[in-house]
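Shown here is one chain on its own, the form predicted alone, set out as structure tokens.
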């Protein structure tokens, strides 16, 4: 793969990985990724995102909450980060903050890819349950948006099909 210095190349070459090497992402690299997330656009500079990096005790609680059918999926990557958005109760602001948090998650994934790390944005149902939320300390007033899996890639996933521009671009008079 050639150097990923151009943002267009970075966007087009990022893939969802479901198979990771065993080494965790060093904490200082996780911090670099999360620092970049704060540059995501957010109306009124609310900084609504929260990122919880899971340690082994928290992961064990989350796996227990997930149950035997879903727990193995939590072992795919050596580094897991729960992403959520703080809600205010104002519907318009909350919608903007959810979108801003989604942008911040994408910034993390792109930054990880730029460092030759693998990433996967999941939304496992366990984190929408009381037991799952309690396991990771997700309080009421925060909306779960994703579980980010990070690690070293074990494979090079195929380029997924994408709809042509003409199917989603609309010109208005």
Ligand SMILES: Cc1cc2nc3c(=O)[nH]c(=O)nc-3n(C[C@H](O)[C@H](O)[C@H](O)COP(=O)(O)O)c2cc1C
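Not measured: the values here are computed from a predicted model. Positions refer to the first chain, counted from 1.
A second form of this protein, the form predicted together with this ligand, is not displayed here; the remarks below concern that form.
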Check your understanding: Does every residue of 52, 56 and 133 put a non-hydrogen atom within 4.5 angstroms of this ligand in the predicted complex?
Key -> no
Check your understanding: Quick one: does residue 16 come within 4.5 Å of this ligand in the predicted complex, counting heavy atoms only?
Key -> yes
Check your understanding: Heavy atoms within 4.5 Å of this ligand in the predicted complex: does residue 143 have any?
Key -> no
Review point. Contact between residue 160 and this ligand in the predicted complex at 4.5 Å, heavy atoms?
Key: yes
Exercise for review: Indicate whether this ligand has at least one heavy atom within 4.5 Å of a heavy atom of residue 122 in the predicted complex.
Suggested key: yes
Practice item. Spot the stretch among 32-40, 62-70, 134-142, 114-122 with residues whose non-hydrogen atoms come within 4.5 Å of this ligand in the predicted complex. Key: 114-122
